[in-house]
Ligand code: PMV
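Starting off, we have a lone chain in the form predicted on its own, written out as structure tokens.
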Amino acid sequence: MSLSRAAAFAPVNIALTKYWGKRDHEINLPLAPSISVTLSDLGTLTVVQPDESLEGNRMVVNDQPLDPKGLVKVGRVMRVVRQLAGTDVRAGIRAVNTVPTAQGLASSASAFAALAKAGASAYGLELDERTLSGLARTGSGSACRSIHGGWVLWHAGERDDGADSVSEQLLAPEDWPLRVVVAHIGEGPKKVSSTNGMKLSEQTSPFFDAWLKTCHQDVEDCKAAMINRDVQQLAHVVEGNALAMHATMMATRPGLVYWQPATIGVIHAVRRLREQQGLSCLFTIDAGPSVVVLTEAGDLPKVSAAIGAIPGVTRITQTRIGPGAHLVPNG
């Protein structure tokens, strides 16, 4: 066994067909499969340093000590790493996010994918992407998708131990190189976390069973749109899935309303751009107020300008579909 400092960067991913509902909350097993795209540049850089002097893992995120709840999730990932490596040595961990936390931009996905990648390397493990995705999932469900680049499918799986609830790449980034505009809306973390929100929806939303049926069908329809490279077909599936998830959230008791006025403004703007100006673009929204817009490269300038002009959009980020988690030399 070789212990050494290791660093990894993992990008965020944005679900095109959503993950909202778990069959196991402890190891994050979903009730339905989902498809996502991995975004370039936005994500988390994590450094893991095994340290025999530590009695427990220590982690700092953006120069702030991680809260106890976060350390429990980190502990799940690192416990598996230590078991695979055959050691009890804990680690000091430092992470830097380049994406706002808890605003519906999948910061936990990039965080735990980076932790899995760096942690495995620091403890001398050579894990394939399938195994890494399962490891990342134990910290945050959607983190399993950030192990891969491009267009990614997360299998719901059937096994109780989660061994078959892993992700796989469907298309490489260059296979359908759509561009991405992130409309940042709102400041500070959301009031109800995704973890707590999912539990509430499962327990109280009258739409929840119908939502799960929608997810299974939407995955198949999304695959078809990908095969055809059809933005209009993709928009029909992806926008419908996002709105169905938020309808399920809003029907939860008490209702989970993550949107702000600018969120609705972006929805209408994207539809106008597509229907009235003939631009190839579509929106999706995770559990937060910010909106992610996918578009063809040629339409990016017009789409970006229109989205950035909407009142309440604090800033926009232009990026693209990119690679998955990777080690960073001397990070």
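Residue numbers run from 1 along the displayed sequence. These figures come from a predicted structure and were not determined experimentally.
Omitted from view is the form predicted together with the named molecule, to which the following refers.
Contact between Ser140 and the named molecule in the model of the complex is found at the 4.5 Å heavy atom cutoff. In the model of the complex, the named molecule sits within 4.5 Å of a heavy atom of Ala15. Looking at Ala287, you'd find a heavy atom of it within 4.5 angstroms of the named molecule in the model of the complex.
In the model of the complex, the named molecule lies within 4.5 Å of some heavy atom of Ser108.
Contact with the named molecule in the model of the complex, judged as any non-hydrogen atom within 4.5 angstroms, is confined among 44-52, 261-269, 279-287, 293-301 to 279-287. Here is the short version: of Thr248, Ser165, Ser121, Ser194, the single residue with a heavy atom within 4.5 Å of the named molecule in the model of the complex is Ser194. For the options Ile93, Met78, Ala183, Met198, the one in contact with the named molecule in the model of the complex, meaning a heavy atom within 4.5 Å, is Met198.
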